[in-house]
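Heads up, the chain below is alone and in the form predicted on its own; it's given as structure tokens.
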């Protein structure tokens, strides 16, 4: 079988139907790209191989549990898993501080950190992307205040004037936005570092 002509989605279905060779074909097809990505982040052959193996262990477990959401995007999904495992590697090796879930944590302080090395920049970019998606789930009034305060650096007085609500209402909306954001983060079991 010439697997380069078979779409990833078909190989995934074949694997789920019991064809172990289909998984082998997927690994062979994407091995170089995934391994190269991992190596470009950790610069260590042995660690790259370990993370590569862990990536496909996670892929297999996710597929077998029926948790894979087929959207014809197998490679980006696997790359995201590899990316997360690279971040986990840096956390485990204390090359980055961990997020301790105390009530004082300010997710937006992570986004404004100026002194980032390449590893921290990778994580900062990921967090920024995750936060952008998370805040879209907030109610419109909270989203508006949070966006003005965090991304436009407006004072609560300016927000009050712009939105036509009292300063206390703007403060309340910001408070609820942060509370709701924490709930979303906990519900999704996300780990955010600073």
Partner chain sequence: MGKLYFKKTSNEEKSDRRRPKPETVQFLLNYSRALRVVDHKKMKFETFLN
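All of these numbers come straight from a predicted model, not from anything done at the bench. Numbering follows the first chain given and starts at 1. For the two forms, the rigid core is made up of the largest set of C-alpha atoms that agree within 1.5 Å on superposition.
From this point on, the text means the form predicted in complex with the partner chain, which you will not see here.
Position in contact with the partner chain when the complex is considered in the predicted complex, options 125, 44, 158, 141, heavy atoms within 4.5 Å: If I apply the 4.5 Å criterion carefully, the residue I get is 158.
is_contact(residue 23, the partner chain) in the predicted complex, heavy atom dist at most 4.5 Å: Output for residue 23 is yes: heavy atoms within 4.5 Å of the partner chain.
4.5 Å heavy atom contact, residue 165 and the partner chain in the predicted complex: Heavy-atom contact with the partner chain at 4.5 Å: absent for residue 165.
Heavy atom of residue 129 within 4.5 Å of the partner chain in the predicted complex: Because no heavy atom of residue 129 falls inside 4.5 Å of the partner chain in the predicted complex, the answer is no.
Closest heavy atom of residue 16 to the partner chain in the predicted complex, within 4.5 Å or not? Residue 16: no contact with the partner chain in the predicted complex.
Would you give me the residues of 29-45 that have any heavy atom within 4.5 Å of the partner chain in the predicted complex, in order from first to last? Contacts from 29-45: 31, 32, 35, 36, 39, 45.
Do you see a C-alpha shift of 2 Å or more at residue 13 between the shown form and the other one, with the core held fixed? Where the cores coincide, residue 13 shows only a C-alpha shift between the shown form and the other one that is less than 2 Å.
Rigid-core frame, C-alpha of residue 23, shift of 2 angstroms or more between the shown form and the other one: No, the C-alpha position differs by under 2 Å between the shown form and the other one.
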